[in-house]
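Given next, in structure tokens, is a single chain: the form predicted alone.
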Amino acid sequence: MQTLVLLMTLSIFLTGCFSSSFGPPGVPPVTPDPPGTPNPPPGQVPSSGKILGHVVMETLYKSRPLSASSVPGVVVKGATLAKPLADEGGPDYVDSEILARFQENTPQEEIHRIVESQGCHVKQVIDRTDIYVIGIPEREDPVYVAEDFEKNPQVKYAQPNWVGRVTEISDATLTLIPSDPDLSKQWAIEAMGVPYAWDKTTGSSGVKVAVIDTGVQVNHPDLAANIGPGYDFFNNTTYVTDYNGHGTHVAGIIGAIANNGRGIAGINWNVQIMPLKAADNSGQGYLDLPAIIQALYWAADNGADVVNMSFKISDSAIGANNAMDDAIDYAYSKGVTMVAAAGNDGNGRVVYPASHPKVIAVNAVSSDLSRPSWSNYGDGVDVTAPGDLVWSTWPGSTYAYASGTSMAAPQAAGVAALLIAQGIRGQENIRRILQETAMDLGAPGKDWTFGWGMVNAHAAVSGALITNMKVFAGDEDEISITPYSDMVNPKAGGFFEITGVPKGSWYIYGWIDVNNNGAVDFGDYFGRTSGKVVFNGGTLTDIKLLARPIVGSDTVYSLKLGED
């Protein structure tokens, strides 16, 4: 018999799972046989069927209900001021101007002639682009003026200057444990398995994460050391004063200074946050589209690895935001990973720019791992992340709770930054890792409520993709586990089909050898059904298997891989 010795902890043995109850009537049950219940030895019973099921890679988080917010908002703790944010009933676009782009090689004099023939005037050309901001006559509707412009063959496209809004409505066994006193308030850190990820990486000051938002309090004592150069594109200044709080809160989630004995720990202990302000100074969270576009170009040209966009542009603009689309395409061509909030309208449509296919769309989950009623959902969601009652930095050198998909997006952006700190490159590669390491919630596989599942930081930085898991049917005694079936890899979403299964009673096992050392040990993912599956041949379906990370124990035994 050929054997491979694998160390396995007793705690793994106890992280077993259960057969799901969502299958059709008549599915053979899982029986709670103790380990060591005899089965025919391998080779004496011919393989006669297959077992189908679904595996979930959990974090070690124990979900708990907090006082979930009924609407996304800010609960200020110690902040001096909480400004009301952009009213959903406010204007969809600026009433005095449009944006236009002309065909390449159109002479300047011809552009001005076209503009003036419409009774309009050029106000500015957006920096780093050939997009014109055009002032229009009073009482003219920008939608109709843009349509008139597009009738001219020299105009590539024209559109209203859509208003952006931050996606939040206001009111209101580890080796690395940082010393930050508010870590216990950060349920999101625990839920995503971030403390275990810190055993692999705590980030890098060489990774730049741009935050296009309302500004950032750059001298906040829990942020200052991780803040890099930025710019205010609305006021054309290097001062990025945050009169709202939204941008400062987002920045803290991504990169608040960790292990400094104060406040909170960001997902990245080391990172360079690039604060890019695109808001006015009213504090109401209105974002200027030309400023957003300039910020995105600036981020791409100044080495941003990740851009977080916790805002939405009017639903009316979906499918018509050519100017913003151009900026997204440009940033993508520069290798920038873009992450955006799915929206807080509580409906099944992901807002723009999260809905753009080159952007990673993130919706929100509450502390009990359910979707808050206000979080958007739908086919466009890539992953979900904690977004309800998230504790982070706030202007005035203080801290606040905030809720919204605005808070969920930077969780994913922060984990993306950890991956880049490890040397992982490529936007679609990062998207795939986030998807294939996510903790599946809701219906098996990708679903409308949670996308591919909740961001799992430990699995992501460990390279523990669910498609690399070995799943098999087997049995065990006091010292060993013996596979009795083929070893197979699940598909994306966790669906598996174990072949070569003999008749009998078997446990179903799942294992990812994270460090590729041939040992089931610290950091690996492992799971086993809590009881044996009774298999009578043919095809057995709807087996659910939960696999969890191993955090260490003293007991070991071997895994036999069967006979030649």
Partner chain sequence: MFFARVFDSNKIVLFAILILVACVFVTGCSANAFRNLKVQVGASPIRVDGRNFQVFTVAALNTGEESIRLQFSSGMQFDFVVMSDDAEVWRWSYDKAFITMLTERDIDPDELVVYSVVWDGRDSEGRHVPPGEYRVFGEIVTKPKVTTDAVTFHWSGN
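Remember, predicted model here, so these are calculated numbers, not experimental data. Positions refer to the first chain, counted from 1.
The same protein also has a form predicted together with its partner chain, omitted here; what follows describes it.
K.L.:
Based on heavy atom distances of at most 4.5 Å to its partner chain in the predicted bound form, which listed stretch, 486-494, 444-452, 108-116, 284-292, is the contact stretch?
P.N.:
Looking at the partner contacts, the answer comes out as 284-292.
K.L.:
Report whether the minimum heavy atom distance between Tyr399 and its partner chain in the predicted bound form is within 4.5 Å.
P.N.:
Tyr399: no, not in contact with its partner chain in the predicted bound form.
K.L.:
Determine whether any heavy atom of Asn456 comes within 4.5 Å of a heavy atom of its partner chain in the predicted bound form, and answer yes or no.
P.N.:
Answer no; every heavy atom of Asn456 is more than 4.5 Å from its partner chain in the predicted bound form.
K.L.:
Tell me, yes or no, whether Gln217 is in contact with its partner chain in the predicted bound form, where a contact means a heavy atom of each within 4.5 Å.
P.N.:
Contact check for Gln217: no, nothing within 4.5 Å of its partner chain in the predicted bound form.
K.L.:
Answer for Ile313 alone: is it within 4.5 Å of its partner chain in the predicted bound form, judged on heavy atom distances?
P.N.:
Residue-level check for Ile313: yes, a contact with its partner chain.
K.L.:
For the spot marked by Asn244, Trp394 and Ser403, is every residue within 4.5 Å of its partner chain in the predicted bound form through some heavy atom?
P.N.:
Per the other structure, all of Asn244, Trp394 and Ser403 touch its partner chain.
K.L.:
Which of Asp345, Asp148, Glu140, Asp379 has a heavy atom within 4.5 Å of its partner chain in the predicted bound form?
P.N.:
Answer to the contact question: Asp345.
K.L.:
With its partner chain left out of view, which of Phe472, Trp374, Tyr196, Tyr132 would have a heavy atom within 4.5 Å of it in the predicted bound form?
P.N.:
Of Phe472, Trp374, Tyr196, Tyr132, the residue with a heavy atom within 4.5 Å of its partner chain in the predicted bound form is Trp374.
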